Each structure stands twice: as C-alpha cells, then as structure tokens.
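Taking the form predicted alone, here's one chain by itself in structure tokens.
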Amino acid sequence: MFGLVDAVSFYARAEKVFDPSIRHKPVVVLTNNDGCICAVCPIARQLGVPKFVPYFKVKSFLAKHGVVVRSSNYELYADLSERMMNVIARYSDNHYVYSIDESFLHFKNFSCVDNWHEYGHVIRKAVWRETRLPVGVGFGATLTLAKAANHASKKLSGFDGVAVIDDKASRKEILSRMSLTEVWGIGSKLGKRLSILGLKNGWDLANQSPKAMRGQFGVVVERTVNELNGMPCLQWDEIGQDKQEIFSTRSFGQRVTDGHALKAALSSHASIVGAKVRRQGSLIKRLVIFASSSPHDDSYYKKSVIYEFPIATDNILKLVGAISYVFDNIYRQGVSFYRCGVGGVELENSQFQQQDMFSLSVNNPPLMKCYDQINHRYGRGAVEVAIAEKNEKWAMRRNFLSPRSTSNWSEIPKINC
C-alpha cells in the first residue's frame, strides 16, 4: 500500500500557526515581490478569491472583505515543512518528500494495519497536534491511486480528510468524480487530446487499453492507465529523478533601467542556478538568459538568449561569463525591466560526462566545493562573484512579511505574563 500526505493550503495555513488572531479570517499569500496571489486559505476561497492573479487587480476586493494579505515567508514555511515531514515519517517504513507540503509513504511491512481509514486519521491527528497544520491523507495500491485518493480526501464531498482506494468500488467512485487533468501526470494539453476521444474523467481513462494509449500518447500515459488499475509502474527513483531544467527567476522590487544593475541581477541568478546544479550532481550544456518589462506595460519587451557551452559546466565563472557575452543582445536602453532570470537546460550527469579530447575541461571542482562550503556555513551570498553585487533595486519586496517565528531569534513570539 502507498500513501500520500498533503497539507491543506500550506502557505496560507502556515501563516495562521503562530498568529491566532487570523486563524478564523480569510488569508492569502503573495508570490515574490508581492506580485500575484499564490495561496488561498479555504475561508478566502469561499469568498471567491482567485489564485494566480496580480495582487493589484484584486487589492480593493481583498480590502473590502477583510482578507489578510501576507508576503511569502519561505523561512517559516521551510521550517514548518521539515517539522511536518518528521512527524509523517514515523508512520511508515519508507518515506519520500515529494515537495514542500507533500510526502509519499510506502507501507511494506505494515500488515498490522487492518483499517487504513483509521490509520489515516492517526496520521492527521499527529500532524495537527505537533504542527497545527491540517493535512489530507490518501491510500492506494499505486502512487497514482494514492495521489487520487489524496485529492478526494481534500477536494471531494463525502470524505473527512482521509480516502482509501482498496477495491474496484472505491476506485470507480473516486476516479469517476475526477476530471482528466486532475489525474496525476495528465496536463491540460494532454487532457484536451484525450477528451477528443470522448474521455471525460479518470475512470474513463482507466478503462482504456494501455497498449492503445501507448500507441497514441506514449509510455507515460500507458503507465498512468496501468497505475489507475492498480498495477505499480512508478518507483521512488522515477518520481524523484534529477531535474532536467533548473531556473532562477524573480521580478524586481523596483523597476531597473540601468544596465549594470540588470547584469548584476542576472549574474546573481546564474550563481543560484550553478549552486542548485552542483547540488544534484549535474552540468549545464545550455544556459537560457532572459529579461522583460511587465506584461501590463503598454510596450511589452522581452528578450531571451540561449548560450551553448562547448563542454557542459557547473563553474559559476563560466556561467557569469556567458551572461557578459550575450548581455548586449538582451539589454535595451529605455526599457523599465520588471523581471529577469537564468535557467540551465540540457543538464548532464557530472559522473558520466563525455570528455572532449580536443578541448580542456572548464570545470573547477575544488574551487566550486570551497565556494559552496563557505555559503553553506555562513549563508547564501556570503561569497559571490564580484559582478553580482547586491542592489536594493532588485532585492525582493515583501511588504506583508510575517515574523520568522521559528528561524530568527529576534522574531520569536513573546508572551507577556
């Protein structure tokens, strides 16, 4: 049996953990630089507050209904996530953290559990008691069915926070109530193509021939069909495999028109991408560099350039050098830049890199190791490439930031008694 434990409106709920005054109020959380709404608590959702809309478009609506607005507090969320995962890990013999608020469980030696519904509530109560975070719990014979059950536990009526798919009747009941795009692995484009065949929900997809699905849509959909029928096809190492693309992007706190400031921001993003790539043991073959004005500006400007390295690298000096090489193709005088970013694509495994006998390696593992160790010990940004100097114009804006109640001594809650 597999399980999936997922926090309910994690960001918005985390804001309520250390602030009792807003626990019964509608709460929304904004993205970087307070740009868009990225999380909505159930109370705010009942008011009709949408997700992924610019904050300025709904600002008056939120104020009219007394909605509490918070900036993303990543330090708080990361700490609460770690606490939640530590609690969840106690209830299975194999545990995989899938995202900041989702965790898969595998029950291989748990024959003592004869009622998965009750066991799900044991997990929910433990997480609530120790972190004050509400979670949904789903169980299924495969990872995809566990994901479907978790969806039912939180989104479908008739479930009390726990759902179990352990026979055909429960499988049909839940999958029939799920749209195609709510099935794990079926995106919007693929959902539209499947709907052309007359499929309407997850149960329709489960009743298709796996071979026919493979012929029309590929092996991924074939695996999904098998998983929906209780045949395990996915394993930990497949859902947790290395990323093929790694990006670092952010909108500016203030508009940037100066070329030096834009180059500094791009160089900083390159440093972040390099650190992430080294962490998963990969090398970058191609670097995507882009900058843009706001899409809400009258004359929208966006420029993206791809730089290809002769030999894949994780050396930040080479990454920053690539930005300097193509920068004149991106920067345009007079443009008020709103956002920029850097992405590593076509990542290669550093352990199996194909060497080129005619070119010298551009990597410098000892230097990068020293660089990462300093930043790990003293905090990100303790040592930087000189051109990536910090600039207040592109520093992240967080005007509604709540206290970092668990990770900063000066912001620990105080009790007066």
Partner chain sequence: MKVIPVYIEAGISGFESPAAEYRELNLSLEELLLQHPNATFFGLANGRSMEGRGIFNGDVLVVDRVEHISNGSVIVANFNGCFVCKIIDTDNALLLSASDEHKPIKISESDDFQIEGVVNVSFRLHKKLPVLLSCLG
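Bear in mind the structure is a predicted one, so any value in this text is a computation, not a measurement. Numbering follows the first chain given and starts at 1.
One more form of this protein exists, namely the form predicted together with the partner chain; it is left out here, but the text below deals with it.
Worksheet item: Within 4.5 Å of the partner chain in the predicted complex, heavy atoms considered, which of R193, H95, R132, K302?
Response: Selected residue: R132.
Discussion item. Can you pick out, from K57, K64, R377, K51, the residue that has a heavy atom within 4.5 Å of the partner chain in the predicted complex?
Written reply: Partner contact (heavy atom, 4.5 Å) among the options: R377.
Discussion item. Contact check in the predicted complex: R23, V87 and C417 versus the partner chain, with a cutoff of 4.5 Å between any heavy atoms. Do all three pass?
Written reply: Answer is yes for this spot.
Worksheet item: So which of 102-110, 163-171, 208-216, 122-130 is the stretch with heavy atoms within 4.5 Å of the partner chain in the predicted complex?
Response: It is 122-130 that comes within 4.5 Å of the partner.
Practice prompt. Evaluate V17 for contact with the partner chain in the predicted complex, applying a 4.5 angstroms cut-off between non-hydrogen atoms, and reply yes or no.
Written response: Answer yes; at least one heavy atom of V17 falls within 4.5 Å of the partner chain in the predicted complex.
Worksheet item: Contact between R83 and the partner chain in the predicted complex at 4.5 Å, heavy atoms?
Response: It does: once the partner chain is placed as it appears in the predicted complex, R83 has a heavy atom within 4.5 Å of it.
Worksheet item: Going by the partner chain in the predicted complex, which residues of 401-417 come within 4.5 Å of it through any heavy atom?
Response: The stretch 401-417, when checked against the partner chain in the predicted complex, contributes W409, S410, E411, I412, P413, K414, I415, N416, C417 at the 4.5 Å heavy-atom cut-off.
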